[in-house]
Every structure is written in C-alpha cells, then in structure tokens.
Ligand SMILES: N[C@@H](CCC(=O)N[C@@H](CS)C(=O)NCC(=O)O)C(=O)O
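Presented below, as structure tokens, is a lone chain in the form predicted on its own.
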C-alpha cells in the first residue's frame, strides 16, 4: 500500500485527491504545521533531508516533490484515464500544465504570499510581484475559456497539479476577477474524490498560512 507523508495545508493534499481519483489504496502518515510559525515539523527531516511534504513510499520507491509524485502516480496507476500515453497527441500539453504549475506559476504566487506575510519588508517588490501573478492568471483564465479542464473536457492529473497554486491564489484574494478560475476551483471542490481526500487528510484551509509573521 502507498504511504503518504502528509502535512496539513500543503501540497500533499492534492496527492491524497489524486489517489482518491485513481481509487488506489493508501495510508496517511500525518504531520502538523507549527501553530505559530506555520512551518513543517522537524520530524519530516527523518523522511527526507529537506523536511518537506509530500513524500510517498510505494514499495521500494521513496519519492518526494509533488510534481514528480503526481507524474509517477498518474503514469503508473492512471494511464489512459488521468494521464495520456507517451505517444498521445495530448501528451505535450499535459506535460506543459503538469510542470507549469510549480515551474512558472508558483513563483509569483509564493512571492505574493511572502509580500503579504512580511509586510513592509517586502513592500518594494509588491507591485512587481502582483503584476506578474496577474499576468499568469490572465493567461490561465483565457486557457480555461477553451475547455472546462486544462486538458479538455475531462479531469487529468494536470488539473490536480494546478489545483494548489490556484487555491493559494484564491486564498490571497487574487482570483476574485477571474470567473473561469473560480468555476474551475468550484468544479474540482465538488468532486466526490476531492471531498473524500479532505475527510481523510483533515482540515485544509490555505488562509491558515496567510496570517502575518510574528
């Protein structure tokens, strides 16, 4: 059975969701953020030296990094259902969204988060960061005008990967003027597998990590 080292309010929630969509059995090893610092506990370093979550163990495979985990699980357990095959015409677009989520989108999302969390210390870069996030959200809004999901009419693992930065953007109040992104989030949140993952993984509230640093 797949083990998921799961940190609350983190990227690991989408791994639970993906496993529910795949109907693949798994167990959860839970970790909680520090209530004051909202940082991950030091105990995660026993799992991986960086002390980050998620990390999965699937037999002899121990794999950190959420994008790698999503790609691995979708290819191994969801081929032709949540992941196009290697020679499918949709594969390049699928890989693009799968890696865009963390490779391009997450940078302005995180910088917007830090500029809000650390207040005046980040003020000089705030306008630039927000303009960059708006550039990405404009792009995503236009792309979601072509189809309800990032790969077309059906959910794929690319949608799972895109969920976290868009949920974080929403928690930052950055998606209020983006109805297609809002509808996308509403649509995935209404999926039975998403709801089941929440029940198993515990409270998932991105606003919980948005409070100012003290």
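Numbering follows the first chain given and starts at 1. Everything quoted here is computed from the prediction, not taken from an experiment.
Omitted here: the form predicted in complex with the ligand. The next part is about that form.
Trainee: Where, among 179-187, 150-158, 39-47, 23-31, do residues come within 4.5 Å of the ligand in the model of the complex by heavy atom distance?
Mentor: Stretch with heavy atoms near the partner: 39-47.
Trainee: Let me test this: is every residue among 132, 136 and 140 within 4.5 Å of the ligand in the model of the complex, going by heavy atom positions?
Mentor: Answer is no for this spot.
Trainee: Taking the shortest heavy atom distance, is residue 169 within 4.5 Å of the ligand in the model of the complex?
Mentor: Output for residue 169 is no: heavy atoms all beyond 4.5 Å of the ligand.
Trainee: Is residue 71 close enough to touch the ligand in the model of the complex, meaning at least one heavy atom pair within 4.5 Å?
Mentor: Flag for residue 71 set to no.
Trainee: Closest heavy atom of residue 65 to the ligand in the model of the complex, within 4.5 Å or not?
Mentor: Heavy-atom contact with the ligand at 4.5 Å: present for residue 65.
Trainee: Contact between residue 7 and the ligand in the model of the complex at 4.5 Å, heavy atoms?
Mentor: Flag for residue 7 set to yes.
Trainee: Within 44-58, which residues have a heavy atom closer than or equal to 4.5 Å from the ligand in the model of the complex?
Mentor: Contacts from 44-58: 51, 52, 53, 54.
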